[in-house]
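Okay, here we've got a single chain as structure tokens, the form predicted on its own, with questions on binding and movement later.
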């Protein structure tokens, strides 16, 4: 029997996508180059494979996939709260969003006018959503993404272990044509059992579809070997 002919269990996936915006004042903010394409493609691929999906998304310029429940957020704190409020009801958490590590400690009320001298901002750490999920004792599958300059495998394996992930998709963002903000992607998918596989370079939709097949296999493997 071909793999495509094998009946697939229906899963519930919680997917995060896009950047966050961290306000400096009422009209200015910090953000990053994430387009949201990878996370949106992943949500679409999950639906096309017959799964139920909720997408928690930062601000992007693309339409959500059909058949996906969508939750819109702006800041890292909002994304963290949205994930923690919902994650217990899902088989898998797919953390594809490019969440800001830091935010301004004291955003200026209103619009800050230009004044002589420098404007010095103090930044504070945002919560690590995956670690917060770990503190909840979440038992479902956890997929993280790691964007690195150069070969991402060594740092990716380290992040997988530090954040107690089941799978980590690591990509090299030093090439303009791949990864953050680009249409194509190439990832090294690493798992908690010591395996790794290269996916791409290819359109993010193609990468996402192959990635979902690995997610399905990993959920089955977790059920058989939860340790």
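Keep in mind it's a predicted model, so treat the numbers as computed, not measured. Positions refer to the first chain, counted from 1.
Not pictured, yet referred to below: the form predicted together with cytidine-5'-triphosphate.
Enquirer: Would you point out which of 84-92, 108-116, 67-75, 126-134 contains residues with a non-hydrogen atom within 4.5 Å of cytidine-5'-triphosphate in the predicted complex?
Expert: Result of the contact check: 126-134.
Enquirer: Give a yes/no on whether residue 152 approaches cytidine-5'-triphosphate to within 4.5 Å in the predicted complex, heavy atoms considered.
Expert: It does not: once cytidine-5'-triphosphate is placed as it appears in the predicted complex, residue 152 has no heavy atom within 4.5 Å of it.
Enquirer: Please check if residue 99 has a heavy atom lying within 4.5 Å of any heavy atom of cytidine-5'-triphosphate in the predicted complex.
Expert: Contact check for residue 99: yes, within 4.5 Å of cytidine-5'-triphosphate in the predicted complex.
Enquirer: Taking cytidine-5'-triphosphate as it sits in the predicted complex, is residue 159 near enough to touch it, meaning that at least one heavy atom pair lies within 4.5 angstroms?
Expert: It does: once cytidine-5'-triphosphate is placed as it appears in the predicted complex, residue 159 has a heavy atom within 4.5 Å of it.
Enquirer: Report yes if any heavy atom of residue 51 sits within 4.5 Å of a heavy atom of cytidine-5'-triphosphate in the predicted complex; otherwise report no.
Expert: Flag for residue 51 set to no.
Enquirer: Taking 144, 147 and 163 as a possible spot, do all three reach cytidine-5'-triphosphate in the predicted complex with a heavy atom inside 4.5 Å?
Expert: Each of the three qualifies.
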